[in-house]
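In the form predicted on its own, a lone chain appears below as structure tokens.
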């Protein structure tokens, strides 16, 4: 391999032609999403199917979901740099990249949702200091800056860039102080993950989401942070597995995956226990105090039946949690990835019900359930970050030493 190659030394990548064809296909999907995004910006939010009942809809669900799944970056960084789990250095680079994609996507979704992105700076200059969403916007922006700083040293390790003495030393020195940024990221993530849950928890007029709490924080504040720390690493494991299948390589040692899975499993089990306790108290105490029964919040329509509660807590919570905390489950590749997938789906279902079911439930006996179907513009702009993420991951994998164990695990390259 030439020393002047853009591709890291000692690893094999597909031909430039094949890579360009793959990028062209993903870019076409990206262009579709960008077109829909500009329609929304040019013509306004009438391009969506949101209405008086659904001021928050598909975008905000996607926003909360990617923020939660991007939590793998802050939690893996916390384990690696703060708790000293050196073994996780085999996957921390990828966790940072996935977190970078998730948080930049979250900011993009917010820019679409406000309808007038040129006024986005109002959030910072004319901040409503009594709003949880203001705190979320500040923390999201700051943590995205932290992830960018964590991403920069990896970019500078590209063979061409690493040959420049200044960039080489800058990358080395930034690696040396990465624990500071990891600690900052944990602090910022705790508050914005929690506040996203707290927004729904304080809505007294929306009894499905309303929760009592500790001091000024509703219980959803802590549950959102807890679930992000539990399911974020599962998302990292799932994307790593997909990458390995596409590249037909082993990129991370099995013991690294199993360590992260074990920690994630215990986080998931403890979260589910807390979630079950929260649900029982809400169903038996909070809701009846407002004149509702549990089944008032679940209808016979296919979207919001009682199945969604069972799916979130049992199928996508208890089951993957039990698999991940057992050595036999973790060592079985199929069960490991199945449990990671189920945990990710459980987190997405939780964000779905806390965004959309909250507004679908009728508040009065004479109201019907408020149903909602997103427009194609909403679907396209929700798929947009997925295409963007595929492009960033593809470029990073091709040109950056993302996986430090790749050469060791694939000597044939």
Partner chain sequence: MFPFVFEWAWDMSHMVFMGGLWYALTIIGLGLTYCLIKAAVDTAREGKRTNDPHH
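Please read all numbers here as calculations on a predicted model, not as lab measurements. Numbering follows the first chain given and starts at 1.
Only in words, not in the display: the form predicted in complex with its partner chain, which the text now covers.
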Just give me the single entry in 170, 276, 82, 319 that has a non-hydrogen atom within 4.5 angstroms of its partner chain in the predicted complex.
170
Of 174, 107, 308, 315, which residue is found within 4.5 angstroms of its partner chain in the predicted complex when only non-hydrogen atoms are counted?
174
Mind checking whether each of 23, 89 and 93 has a heavy atom within 4.5 Å of its partner chain in the predicted complex?
no
Contact with its partner chain in the predicted complex for residue 155, defined as at least one heavy atom pair within 4.5 Å: yes or no?
no
Can residue 222 be called a contact residue for its partner chain in the predicted complex at 4.5 Å between heavy atoms?
no
With the cut-off set at 4.5 Å between non-hydrogen atoms, does residue 341 touch its partner chain in the predicted complex?
no
At the 4.5 Å heavy atom threshold, is residue 134 in contact with its partner chain in the predicted complex?
yes
Partner-proximal stretch of 250-258, 298-306, 176-184, 225-233 relative to its partner chain in the predicted complex, 4.5 angstroms, heavy atom:
176-184
Residues within 4.5 Å of its partner chain in the predicted complex, restricted to 118-143 and counted by heavy atom
125, 126, 127, 129, 130, 134, 135, 138, 142
